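Read the single chain below, which is given as structure tokens and is the form predicted on its own.
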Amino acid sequence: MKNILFVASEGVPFIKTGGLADVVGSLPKCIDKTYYDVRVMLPKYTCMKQEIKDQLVYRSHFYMDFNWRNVYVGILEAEYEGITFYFIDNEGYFGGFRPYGDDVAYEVEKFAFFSKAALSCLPLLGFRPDLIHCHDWQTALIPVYLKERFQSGDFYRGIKTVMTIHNLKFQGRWIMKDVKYITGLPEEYFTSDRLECYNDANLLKGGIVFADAVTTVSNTYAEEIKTEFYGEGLDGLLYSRSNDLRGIINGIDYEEFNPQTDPYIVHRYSADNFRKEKIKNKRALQEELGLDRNDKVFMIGIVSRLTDQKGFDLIAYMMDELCQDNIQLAVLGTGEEQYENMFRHFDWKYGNKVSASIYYSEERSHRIYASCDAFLMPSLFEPCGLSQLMALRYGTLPIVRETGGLKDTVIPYNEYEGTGTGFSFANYNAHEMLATIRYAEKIYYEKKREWNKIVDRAMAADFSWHVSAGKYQEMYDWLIGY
């Protein structure tokens, strides 16, 4: 039996702000329990829901030397769906109304504390991991600390580390002298081949340098981040670690996202009967959103953070022209003010064919996945992307730009070979996006039987966590030796 410890800044069902939490909550359950004992460590945020905090059981506490002080570290524990979760408690660092703040210096200090505490508490848990799987910059100091000060005792010697990058844009960069002071790491750790990065200290860089292996969340993104455009200043380092860098696509929870059992959708359906049953969801959504009731209209869904990364400048540029077509557009999400207002404007201008819900609702997101004919994701970059996987699961065909995980998960329709699970375009170009949407419209309106065959293939694709878990297990075996 091999012991694996996941360490992350969030994980469902305890705390969630984004896709990282879904990975940390879902992946451990799917790893084969006959060979691996997988446990998870998270911060104990005071903003967690009270009913969740009530499930936590006190294990132990100690005082740790950190930032030139003796700091309290509490350890709590909970079990959820057969997985043991540990929580690091310190209200000074994990208090507040949300898990993350805007003060970068404080965030760096907070997660440096978390990384050191995660390692320091292990002997008290009676659980020695063979491998620690670190997620994003918030845990990137773990491989650094492990090499720097936790090698003297037998307990820590030989523990392997994996650093998973969920989004390279976020790196934990701050002023070098402050980070030296906070972390207590010696001077030689702040050189250009370690934590120094363009005269700042960069926590994620430290994790990438010191981890035994580096992963990211799709094969294409693993290649892209070795280039200047996608590399966010770390492309040279990632290129140098090519042999230890791999992409493993995220999965989605096939129980939660299941059109046959989904409690949020009006009419349940399956791959066998979607031709008759899926349309009932479209009718219900048109009524719910105040759009024209029309079975035949081509309905496009968007569920997203409304940010530049997601390609909304392309959509803004083409929106008036797109609205001349026989389409409907259902938008759900919040984000940058310019895009929120852009969608509100088009909702006002074309109220019978554009609906903008500028908030987030889990229930409505499921109804959009289940009701629309197509799902639009023209991202500038997309490490993995989960929305296109959910759309495929519900037989709603993705229209995506060929980047990162979108390229790896959506096979573009080829009318000559009769293959494909969606539609895609290569260049980050508004006209190319519109041409691809119109090509999808053409197939939908003129070749409905072909369209339904694409839906068949989309719904047959398997992006469940069990597939991803198998790839992670291969990597764990390669690192630990079996």
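Heads up: residue numbers just count along the shown sequence, starting at 1. Note that the structure is a prediction, hence the values are computed from the model and not measured.
Same protein, other form: the form predicted in complex with a small molecule, not shown, and the subject of what follows.
Visitor: Quick check for you: of 293-301, 98-106, 154-162, 362-370, which stretch puts a non-hydrogen atom within 4.5 Å of the small molecule in the predicted complex?
Guide: Of the options, only 362-370 has residues within 4.5 Å of the partner.
Visitor: So in the predicted complex, is the small molecule close enough to Ser387 to count as touching (4.5 Å, heavy atoms)?
Guide: Result yes; Ser387 sits at the interface with the small molecule in the predicted complex.
Visitor: With a 4.5 Å heavy atom cut-off, would you call Met459 a contact of the small molecule in the predicted complex?
Guide: Taking the distances in the predicted complex, the answer for Met459 is no, it never comes within 4.5 Å of the small molecule.
Visitor: Please tell me whether any heavy atom belonging to Leu20 falls inside 4.5 Å of a heavy atom of the small molecule, as the geometry stands in the predicted complex.
Guide: Yes, contact at 4.5 Å.
Visitor: Can you tell me if Lys282 lies within 4.5 angstroms of the small molecule in the predicted complex, counting non-hydrogen atoms only?
Guide: Residue-level check for Lys282: no, no contact with the small molecule.
Visitor: Between Arg128, Arg305, Arg344, Lys226, only one gets a heavy atom within 4.5 angstroms of the small molecule in the predicted complex; which residue is that?
Guide: Selected residue: Arg305.
Visitor: Within 4.5 Å of the small molecule in the predicted complex, heavy atoms considered, which of Leu289, Ala374, Leu76, Leu332?
Guide: The residue from Leu289, Ala374, Leu76, Leu332 that makes the contact is Leu332.
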